[in-house]
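One chain comes next, on its own, written as structure tokens: the form predicted on its own.
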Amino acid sequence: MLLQTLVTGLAIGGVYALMAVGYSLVFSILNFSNFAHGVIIMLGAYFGYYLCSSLGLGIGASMLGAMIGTAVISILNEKLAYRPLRLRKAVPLYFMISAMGAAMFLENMVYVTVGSHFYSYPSFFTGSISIGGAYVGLLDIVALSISTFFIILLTLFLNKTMMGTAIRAASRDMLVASTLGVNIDGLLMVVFALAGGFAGIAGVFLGVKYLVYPTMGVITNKAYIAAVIGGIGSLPGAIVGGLILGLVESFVSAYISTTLRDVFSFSMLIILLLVLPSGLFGKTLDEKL
């Protein structure tokens, strides 16, 4: 029971981490909370579903297609909703309002074009594996493995490439990075493509584990909690926050009550913010939105 709960918590936490990384990547550069990110994750679930059901692709090809689709949507969102504000040097509050507008627009486009039906993925990873007498779901193992793989790839990209170095420099001071020759427009395109790609992976896993529907982006409130717990704007914080939240929810569901799971999650957030307003790894900023 303990091992099964632990693996399940890490798997859920890994998916939360994938979603939280998207929030933190954007926040680290533009200093605002991209509330359109949840809708991008929802679109990733839809992309993966239609690639599986309509084209008959496997889960790997569907996930890759979802990553490409959400990366493109995320880049377009930056170009149309955020870049005009950035060029006008708007305050972060306007970015957040624009993000909310973009989220409402995309969600309603899904309602208009697809409808409000619930869809379920074909059966993937439905078995379980016996480990030490405990039965661990194959989907949880795959989700944990793929989440870990992509997080490691992102870490290597940010620390071992020139673009990664530029992103880290811009997260410190975008104006100084621009003065030193960094192409901010190109850099933001990469940042939003990465955030969108990770949203696509998370969306597919959420769709396989649960269902696909237009308002499923609300699940990403948990990812935002994870990002805040770790310190929004901090990539290590997003990963650690996601894993902590996943483990807490898994153990509360297994040993206390599933109905109290969200109570513990939000209570943990409130207590942490009272003690550490910037999260576990976050930086203290004059303005956070």
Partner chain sequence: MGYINSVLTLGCIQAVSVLGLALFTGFTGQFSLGHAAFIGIGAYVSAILTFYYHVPFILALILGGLGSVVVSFIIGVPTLKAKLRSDYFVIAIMGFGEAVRVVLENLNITQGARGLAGIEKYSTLPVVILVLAVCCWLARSFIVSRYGWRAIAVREDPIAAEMMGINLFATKMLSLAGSAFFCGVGGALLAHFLMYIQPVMFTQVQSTQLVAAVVAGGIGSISGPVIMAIFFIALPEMLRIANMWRLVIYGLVLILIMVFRPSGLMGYHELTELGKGLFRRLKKEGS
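Values in this document were obtained by computation on a predicted structure and should not be read as measured data. Residue numbers count along the first chain shown, from 1.
What follows is about the form predicted together with the partner chain, which we do not show.
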Discussion item. Within 4.5 Å, heavy atoms only, which of 138, 156, 104, 76 is in contact with the partner chain in the model of the complex?
Written reply: 104
Practice prompt. Note which of 125, 150, 213, 94 lies within 4.5 Å of the partner chain in the model of the complex, where distance is taken over heavy atoms; exactly one does.
Written response: 94
Fill in: Interface stretch in the model of the complex with the partner chain - options 110-118, 138-146, 68-76, 203-211, non-hydrogen atom within 4.5 Å
110-118
Discussion item. Residues 237, 248 and 251 are flagged as a possible site; in the model of the complex, is every one of them within 4.5 Å of the partner chain by some non-hydrogen atom?
Written reply: no
Worksheet item: Is there a heavy atom of residue 129 lying 4.5 Å or less from a heavy atom of the partner chain in the model of the complex?
Response: no
Worksheet item: Applying a 4.5 Å heavy atom distance criterion, does residue 232 contact the partner chain in the model of the complex?
Response: yes
Worksheet item: Can residue 193 be called a contact residue for the partner chain in the model of the complex at 4.5 Å between heavy atoms?
Response: no
Worksheet item: Quick one: does residue 49 come within 4.5 Å of the partner chain in the model of the complex, counting heavy atoms only?
Response: no
Worksheet item: Who in 75-91 is close to the partner chain in the model of the complex, meaning a heavy atom within 4.5 Å?
Response: 80, 81, 84, 85, 88
